[in-house]
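Only one chain is included here, represented as structure tokens and corresponding to the form predicted on its own.
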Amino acid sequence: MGNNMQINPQLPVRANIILTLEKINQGQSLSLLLDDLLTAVKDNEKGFTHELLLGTLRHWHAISRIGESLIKQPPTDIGITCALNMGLYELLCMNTPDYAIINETLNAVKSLNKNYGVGLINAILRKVADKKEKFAKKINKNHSLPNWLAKELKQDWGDYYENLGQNLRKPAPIFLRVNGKFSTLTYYANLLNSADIAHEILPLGVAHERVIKLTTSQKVQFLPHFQDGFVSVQDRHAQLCGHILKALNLPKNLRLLDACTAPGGKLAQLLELSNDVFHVEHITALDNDEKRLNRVHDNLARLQLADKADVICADGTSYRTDTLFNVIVLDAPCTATGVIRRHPDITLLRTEQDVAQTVALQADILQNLWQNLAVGGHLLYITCSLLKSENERQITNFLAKMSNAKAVDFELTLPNQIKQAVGYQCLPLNDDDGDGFYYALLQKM
């Protein structure tokens, strides 16, 4: 049914978007597909393509519910559903004239040899165009999450649930981490002023640390001195990692392990802080994915930190070392439900079954890495998940099993950094918030 067609500059823009949506529905990830798509479209169409694809993904589940309510027999070809959802998103959320949306969507479907879907898509788009306001209200009122995830979030975060559901479909803000080896936050903010790049300085929620938020869209590679390593893009809540450890006043000559390190943002932050704050003698960084480790090497090279860490490919469930570590940072694999704003395809790729598998994997890694921690040493457990099963419950279960583990208190001060039985859950509840992250600090007794 046209499923074997590839992205192709000869096809209409919308046809290439449909193909990309189809691949995501078959399990491929947006981050691996987006470059191919944007390369295939003309420069003056890149912005439109990006908005239509990401907007359709952000609202996918809310839009699908409209389609389902109007269709008696759901199409057997996922490509037809993709075309319909794309057309509905453009109709309800973008400024293209209705007649153009309907014509162009149908042309795209024909160009993909899916003529059997034309009648259905035409009928539904016309029906919705006639009552546009009613349907626009409907998709904005409801969350756009798969039902299983909505249910879990409602159980875990009842008080915040409505707000969370609405916010997870908005684009995430861009935050910057200034590399203290080359610049200070104030100095870098002045460079942004000189370059007319609009930004704000916000508190991080730990001690007196601050973070820069860009308030206008900006190509990262054109930020002042980006190529020279002055600055990195890192989420506001991801930046808590180094500062939580910094507040511990750790002893000198530490051995530190950064587990599940790729793509290396937290590792880079730890290295930037290391001489002045941590006095780390040695950092080992490990990840079990050779491909993703290439990104770690690229990041460290740009920041001029490449010689500062041993980066190894190893599995966190089995890795062992003779010389124990004083600090382990475990950025555990998770369902990534906290970063849906940045990766809207997560709501299509994750299933309820993934949660149980992920929780089991996290427990295995925790159990194994604990053996590599010296007595008196600290383990900082981090996920970018919103689910308590991967976060608070995971850690309380671990503490119940391990008699030589205790939770260490630390303080986060922002309203959306919410104290848990152990650690803190950070929630993305407004436009200034970082992503959904969980932090817990443990010590080996």
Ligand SMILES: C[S@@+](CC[C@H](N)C(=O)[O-])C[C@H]1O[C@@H](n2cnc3c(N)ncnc32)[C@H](O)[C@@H]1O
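One-based numbering along the sequence shown. All values derive from a computational prediction rather than experimental measurement.
The next section is about a form of this same protein that is not shown, the form predicted in complex with the ligand.
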{"item": "In the model of the complex, the residue from Ala374, Leu214, Leu361, Ala136 that sits within 4.5 Å of the ligand by heavy atoms", "value": "Leu361"}
{"item": "Residue (of Arg255, Arg210, Arg292, Lys181) lying close to the ligand in the model of the complex, criterion heavy atoms within 4.5 Å", "value": "Arg292"}
{"item": "Check all three, Ala15, Ala83 and Ile102, heavy atom within 4.5 Å of the ligand in the model of the complex", "value": "no"}
{"item": "Segment that reaches the ligand in the model of the complex - one of 189-197, 329-337, 111-119, 246-254, heavy atoms within 4.5 Å", "value": "329-337"}
{"item": "Ala314, heavy atom within 4.5 angstroms of the ligand in the model of the complex", "value": "yes"}
{"item": "Non-hydrogen atom contact Gly265 with the ligand in the model of the complex at 4.5 angstroms", "value": "yes"}
{"item": "Proximity of Asp287 to the ligand in the model of the complex, heavy atoms at 4.5 Å", "value": "yes"}
{"item": "4.5 Å heavy atom contact, Cys260 to the ligand in the model of the complex", "value": "yes"}
